[in-house]
Ligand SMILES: Cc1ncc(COP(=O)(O)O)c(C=O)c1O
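Just the one chain here, laid out as structure tokens, in the form predicted on its own.
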Amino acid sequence: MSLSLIVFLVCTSGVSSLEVKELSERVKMLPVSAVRVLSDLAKSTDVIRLTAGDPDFKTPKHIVDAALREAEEGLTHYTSSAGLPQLREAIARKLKVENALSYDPMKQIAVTNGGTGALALTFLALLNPGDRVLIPDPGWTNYKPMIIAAGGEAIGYPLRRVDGFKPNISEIEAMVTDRTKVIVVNTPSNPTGAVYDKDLLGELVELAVKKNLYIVSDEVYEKVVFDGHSHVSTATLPGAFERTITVNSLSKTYAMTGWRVGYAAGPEKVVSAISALNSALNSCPSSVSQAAAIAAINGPQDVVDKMVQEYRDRRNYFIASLNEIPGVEALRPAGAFYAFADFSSIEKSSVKMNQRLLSEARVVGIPGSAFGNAGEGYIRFSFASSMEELKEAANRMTVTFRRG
């Protein structure tokens, strides 16, 4: 709390002294989001920011039109804390047709404020103080603070480039203790772009069954896959359905990051708890955004195919350009829209490397260490930015490192 705020409170409270209470230990433990900090710091117009996973496409017109129409007709009030029934029914149809998953839309699906909201509420529903959650390392930066906020402890299981950034099941099993309650699976992966096949997911499920773990399956990049790879939903594997919470979002698929619509699907008791928590913390998801989501799911899907094709072209160009820089190595991701590039032969510290990129090339990504210990030495770049920006960024980095 700032000194000026303390003075203000003292002067307006009518008391002569004020005992300032400490914040919760839980909040003090929350790590700062490197994605947000770097996105905010690099505001200069001459800096190319390849930081956030925010598609540069506009939300498709038919989705926007549906939201405007419903808003004009009065869909601007509270909805069920679990989401509009029509939206939950649309999600259930989508999951059945596209993912081979059958859920009761009224009991096993909850609509949330983005995939982030679905994950955060899921951890709140599942965790007691001290429970451990196994998360990918490198993995999305928000897993750890969400788990801490829910009173849990996040333990990273390493993903290595030599293995294609895919998990070693024996290694994960050795990390499980009697305090371990949940394992997080993210495919396609942020930040590595790895896509897990059915066999690997089956091994992960077998481990979860053996150790009696919940599985939180983060599938928000399911539609962004390349080169003949296909997405497999974890809950379809034998033994997985009754212990898996499938989390998804419309943000990446339909360029709807700001609309904040996601969902969780899973066992009724877990989804019921998620809905109750959603009511307590958020009342309900945005009604207008839910109308947009219905239009997105029920409407034409060719808009998604066009965006994925553009991501593929950007990936091919940008990964090739990175690999032409002396000392840089980047695998071609099978999914998502990130280049996770190894700069360790130039600079071991990903933070220092990112600072150098910013100061010398006027390009900024996210230090790999922000995604976990196993990400050290890497920089994550988002190629959800335009091709023009990617070309300029590649040119600036090439000139910088060939000069230096």
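One rule holds for the numbers: they count along the sequence shown, beginning at 1. All figures in this text were calculated on a predicted structure; none of them were measured in a lab.
Below: the form predicted in complex with the named molecule, not depicted.
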- Query: Is there a heavy atom of Lys252 no more than 4.5 Å from a heavy atom of the named molecule in the predicted complex?
  - Reply: yes
- Query: Does Gly152 make contact with the named molecule in the predicted complex, using a 4.5 Å heavy atom cut-off?
  - Reply: no
- Query: Is Pro167 a contact residue for the named molecule in the predicted complex, using a 4.5 Å heavy atom cut-off?
  - Reply: no
- Query: Is Thr116 close enough to the named molecule in the predicted complex to count, meaning some heavy atom within 4.5 Å?
  - Reply: yes
- Would you say all of Leu322, Asn354 and Lys391 touch the named molecule in the predicted complex, counting a heavy atom within 4.5 Å as a touch? no
- Query: Quick one: which of 92-100, 171-179, 326-334, 136-144 gets within 4.5 Å of the named molecule in the predicted complex, going by heavy atoms?
  - Reply: 136-144
- Item | Listed residue that, although the named molecule is not shown, lies within 4.5 Å of it in the predicted complex (heavy atoms), from Asn278, Asn190, Thr122, Thr246 | Asn190
- Query: Within 4.5 Å of the named molecule in the predicted complex, heavy atoms considered, which of His229, Arg260, Arg312, Arg160?
  - Reply: Arg260
- Between 191-228 and the named molecule in the predicted complex, list the residues on our side with a heavy atom within 4.5 Å. Asp218, Val220, Tyr221
